[in-house]
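The chain below stands alone and is given as structure tokens, in the form predicted on its own.
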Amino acid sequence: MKKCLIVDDSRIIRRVASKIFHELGFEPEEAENGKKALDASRIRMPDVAVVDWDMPVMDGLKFLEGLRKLPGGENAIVIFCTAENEVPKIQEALDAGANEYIMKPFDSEIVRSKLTILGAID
């Protein structure tokens, strides 16, 4: 089963995303900040990571930079999922190596369409 790492400081967002990804056939794992997510990625590289921008300890951008440096990290699909909607912020995430960007709030259809476009699901 493909692993999805959900990285967000909001427990509610993590739970909602976990439910969506589980229904899409992924094994979800949750982390409340980028440091915990990076530690989890060292143990088992996620197939997909859904990452919030603003978090304590380590933000989403620092996590993304660290993930891409790990063995196999270049292959993980990273989707930034945040309330940040300014074009420069979106471009910054994409330039840093994010594969896609979705806005909060999101639903299963948005997630499904992004994963289909990225080739993570059929």
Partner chain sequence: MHPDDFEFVARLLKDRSGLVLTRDKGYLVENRLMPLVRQRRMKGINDVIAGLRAGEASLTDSVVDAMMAKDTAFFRDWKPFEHFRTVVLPNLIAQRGTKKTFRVLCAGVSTGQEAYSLAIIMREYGRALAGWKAEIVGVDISAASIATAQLALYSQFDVQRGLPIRLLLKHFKKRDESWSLNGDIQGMVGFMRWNLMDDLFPLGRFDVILCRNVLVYNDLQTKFNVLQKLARVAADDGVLYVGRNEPLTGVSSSFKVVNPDLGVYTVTRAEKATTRSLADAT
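A quick note: this is a predicted structure, and the numbers were derived from the prediction, not measured. Positions refer to the first chain, counted from 1.
The discussion below concerns the form predicted together with the partner chain, not included here.
Contact label in the predicted complex: Ala40 to the partner chain, heavy atom within 4.5 Å: Flag for Ala40 set to no.
Touches the partner chain in the predicted complex: Lys104 (any heavy atom, 4.5 Å): Lys104: yes, in contact with the partner chain in the predicted complex.
Contact label in the predicted complex: Glu100 to the partner chain, heavy atom within 4.5 Å: Glu100: contacts the partner chain in the predicted complex.
4.5 angstroms heavy atom contact with the partner chain in the predicted complex for Ile117: Flag for Ile117 set to yes.
Residues Leu64, Leu67 and Leu70 all lining the partner chain in the predicted complex, heavy atom within 4.5 Å: Judged in the predicted complex, none of Leu64, Leu67 and Leu70 sits within 4.5 Å of the partner chain.
Of Met45, Ile77, Leu94, Met58, the one that lies within 4.5 Å of the partner chain in the predicted complex (heavy atoms): The residue from Met45, Ile77, Leu94, Met58 that makes the contact is Leu94.
Partner contacts in the predicted complex for 73 to 97 (non-hydrogen atom within 4.5 angstroms of the partner chain): Asn85, Glu86, Val87, Ile90, Gln91, Leu94, in sequence order.
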